[in-house]
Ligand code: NAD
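The chain that follows stands alone, in the form predicted on its own, written as structure tokens.
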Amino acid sequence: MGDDLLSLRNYIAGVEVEPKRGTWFEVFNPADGSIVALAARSGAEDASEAVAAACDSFQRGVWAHLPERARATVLLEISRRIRERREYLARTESTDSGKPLADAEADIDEAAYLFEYYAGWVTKLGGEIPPVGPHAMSLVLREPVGVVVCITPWNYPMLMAAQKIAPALAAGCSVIVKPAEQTPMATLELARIATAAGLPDGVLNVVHGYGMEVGEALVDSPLVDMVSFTGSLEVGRRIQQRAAHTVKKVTLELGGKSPNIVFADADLEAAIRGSCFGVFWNQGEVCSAGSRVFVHRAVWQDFLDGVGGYVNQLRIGHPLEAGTTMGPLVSKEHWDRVHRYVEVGLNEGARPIFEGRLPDDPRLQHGYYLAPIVFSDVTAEMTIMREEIFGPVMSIIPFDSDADAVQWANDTPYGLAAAIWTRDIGRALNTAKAVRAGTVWINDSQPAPSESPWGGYRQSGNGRELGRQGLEEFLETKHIYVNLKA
């Protein structure tokens, strides 16, 4: 290991430990391709150690059996300490993932709020006493599911970790987190913060590494009660298959190919701005990105003109520089993947009508920057309309009737989100009901309030995160029957 690089060790039972095999992997800054850290390349032995620590903490009840007010107090203290470290965490997140600093700051703010929000739920997880006659009593209790493995993505490292950890801790679970290997830095810092806030050792553990080497070992463990995964459809399928061997609970938030429907009566300026934001925000590395844009033919040309103006004003640059609105993609591997999709679109006959400008700063020549691109002359059968790209690529198709818009919107194996732009409330609600998606925005794009459920239909996954529903995923229901005549 180099002395000038950060060393990201595993965090197990409140202690930072080196990987059992003594091997490490490099973490890159996508802005310039430089190496910023070395992270533990964990294997099955490290997974077993983390599972043992989580099981021990859960079985001894050091967290699950604490009074509810005490657990809520710790979650509030975690929130306070995240806010206290806001600047450092945001710069870390930006360096790790490539997102503009302002976006990273917003992510840190929301991560802090998630711990605050779920702290409020800890004291409100009541059960039920359903009527079962005069000579018996039926008690319905809510209990923590147990040991939970959380596997988080690289596009929102800190926020997605908080989105899983906060409700899991609120429920009383013990947690093991495997962050994405591209972006492991902020999650380790979150574990340190949690310990400093009073979370008992072993309740929150972090294991770095690759999915095939350590992630699958965590999923396979019979001592793990639940897996919560956010990531690609391919990996989600594999996790679900492996988890089936021990019949453990699995929640999956997978890919998306979200439709964005602009009707003729829409506030066109708002629709253009929201539609573009829905594709180019966070470099297009958003599972709910509204990359399939359907525009009524009556406003087609005006919409295209507005999109062209939006793309021209995007400023691609170093994520830590003021004024940058789009940073690099997260890795060279992902850059290659998105670039291949652009080439496939061209080869299949899609016509590029707008393309952004790459930065000309020589310091950024090794960064993973990709110019945003807008395609027209697209058909529903094209690859760029069928598969999730996870990059700044927009495809636009004109439509003539409401029925066509709904049919094309639902012509996808995914069902995570959708956006509808219209001034007609009846049309808006009827379309929202007809579209098969877990979240439907009307005259907006991409808000995901922490107070409301988030998750998808069909191959976008199962289960929900955020809101009360996200907390309930980490709870078991126990029924106790009492014979009062005994």
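Residue indices: 1-based, along the sequence shown. Worth saying up front: this structure is predicted, and the values here are computed from it rather than measured.
Here the subject shifts to the form predicted in complex with nicotinamide-adenine-dinucleotide (NAD), a form of this protein not shown in this document.
In the predicted complex, segment of 188-196, 214-222, 320-328, 371-379 with a heavy atom within 4.5 Å of nicotinamide-adenine-dinucleotide (NAD): Looking at the other structure, the answer is 214-222.
Every residue of S291, P398 and A405 near nicotinamide-adenine-dinucleotide (NAD) in the predicted complex, heavy atom within 4.5 Å: None of them does, since no heavy atom lies within 4.5 Å of the partner.
Using a 4.5 Å heavy atom cut-off, which residue among G202, P184, G256, P100 comes into contact with nicotinamide-adenine-dinucleotide (NAD) in the predicted complex? Selected option: G256.
Could you work out which of V262, A180, A112, M158 is the residue within 4.5 angstroms of nicotinamide-adenine-dinucleotide (NAD) in the predicted complex, going by heavy atoms? For this set of options, the contacting one is A180.
Would S232 show up as a contact with nicotinamide-adenine-dinucleotide (NAD) in the predicted complex if we use heavy atoms at 4.5 Å? Yes - in the predicted complex, heavy atoms of S232 and nicotinamide-adenine-dinucleotide (NAD) come within 4.5 Å of each other.
Would E77 show up as a contact with nicotinamide-adenine-dinucleotide (NAD) in the predicted complex if we use heavy atoms at 4.5 Å? It does not: once nicotinamide-adenine-dinucleotide (NAD) is placed as it appears in the predicted complex, E77 has no heavy atom within 4.5 Å of it.
Does the 4.5 Å heavy atom contact test between W154 and nicotinamide-adenine-dinucleotide (NAD) in the predicted complex come out positive? Yes - in the predicted complex, heavy atoms of W154 and nicotinamide-adenine-dinucleotide (NAD) come within 4.5 Å of each other.
Give a yes/no on whether W454 approaches nicotinamide-adenine-dinucleotide (NAD) to within 4.5 Å in the predicted complex, heavy atoms considered. W454: contacts nicotinamide-adenine-dinucleotide (NAD) in the predicted complex.
Mind listing which residues of 408-431 have a heavy atom within 4.5 Å of nicotinamide-adenine-dinucleotide (NAD) in the predicted complex? Counting only heavy atoms within 4.5 Å of nicotinamide-adenine-dinucleotide (NAD) in the predicted complex, the single contacting residue of 408-431 is L416.
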